[in-house]
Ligand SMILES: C[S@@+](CC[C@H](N)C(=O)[O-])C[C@H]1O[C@@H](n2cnc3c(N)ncnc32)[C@H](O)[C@@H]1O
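So this first bit is one chain, no partners, the form predicted on its own, shown in structure tokens.
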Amino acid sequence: MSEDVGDGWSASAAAWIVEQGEDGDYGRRCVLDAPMRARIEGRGFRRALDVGCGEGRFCRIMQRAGIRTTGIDPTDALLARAKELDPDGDYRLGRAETMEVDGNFDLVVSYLSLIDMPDLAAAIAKMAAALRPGGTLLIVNLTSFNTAGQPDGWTRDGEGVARFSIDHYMDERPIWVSWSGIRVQNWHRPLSTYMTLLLDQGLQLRLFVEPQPTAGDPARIASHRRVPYFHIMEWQKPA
């Protein structure tokens, strides 16, 4: 059974599954998937671990690229959906902070899951340990500038102009965010927290990009360009 840690994921699983559908939400479809596919295709990856795999969408994308995948997630209902869509897939119940996997993965992926992890230091240590020497840790995360403005996000000032207010940037804290019937706990952390923990594992930064939308409503594209939601990082474990 999934562990009830009061983070909202069990209660929000059904709404999450509806929102993601087969192709993912706007951010995944129009901002992230293309650059993420570019990082996994044609590079010789054979075995990947998707940490916080949810309903298994990116596992299926990696499989289509010829990569054998293992997905780990703490929410039963999301894993059940992953197995429904991919009956032969390898999906396991577990949390990043306490997962027990071998250390022979070419690729470890965290696709918008670090923000869900209360014990980030333990989670990153486990992900680094899962990599073989020379392996790649591929991360998509919400930018710390964005999470520092949550849960309010965009608001209107006294003149009706849309503004995104960033505050208490250096203060690590849990935040509750709600959209489309989903209500879950995320974590705001300054970027330096992530970078320090990854560097402390001896990992080497190979890529840092802030992808822009490639499609969608012009107003939505404009808001993403004003306040980017995401960055992608690629780290390598020394051989």
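We number the residues from 1 along the sequence you see. Given the structure is predicted, the values throughout are model-derived calculations rather than measurements.
Although not depicted, the form predicted together with this ligand is the subject of the following passage.
Contact annotation: this ligand lies within 4.5 Å of heavy atoms from the stretch 71-79 in the model of the complex, the single such stretch among 165-173, 84-92, 71-79, 131-139. Contact annotation: residue 105 falls outside 4.5 Å of this ligand in the model of the complex, judged by heavy atom distances. None of the heavy atoms of residue 144 is located within 4.5 Å of this ligand in the model of the complex. Among heavy atoms of residue 7, some come within 4.5 Å of this ligand in the model of the complex. Put simply, residue 152 is far from this ligand in the model of the complex: not one heavy atom of it is within 4.5 Å. In the model of the complex, no residue of the candidate spot (29, 42 and 230) has a heavy atom lying within 4.5 Å of this ligand. Applying a 4.5 Å heavy atom cutoff to this ligand in the model of the complex picks out 111, 112, 113, 116, 117, 118 from 109-130, in order along the sequence.
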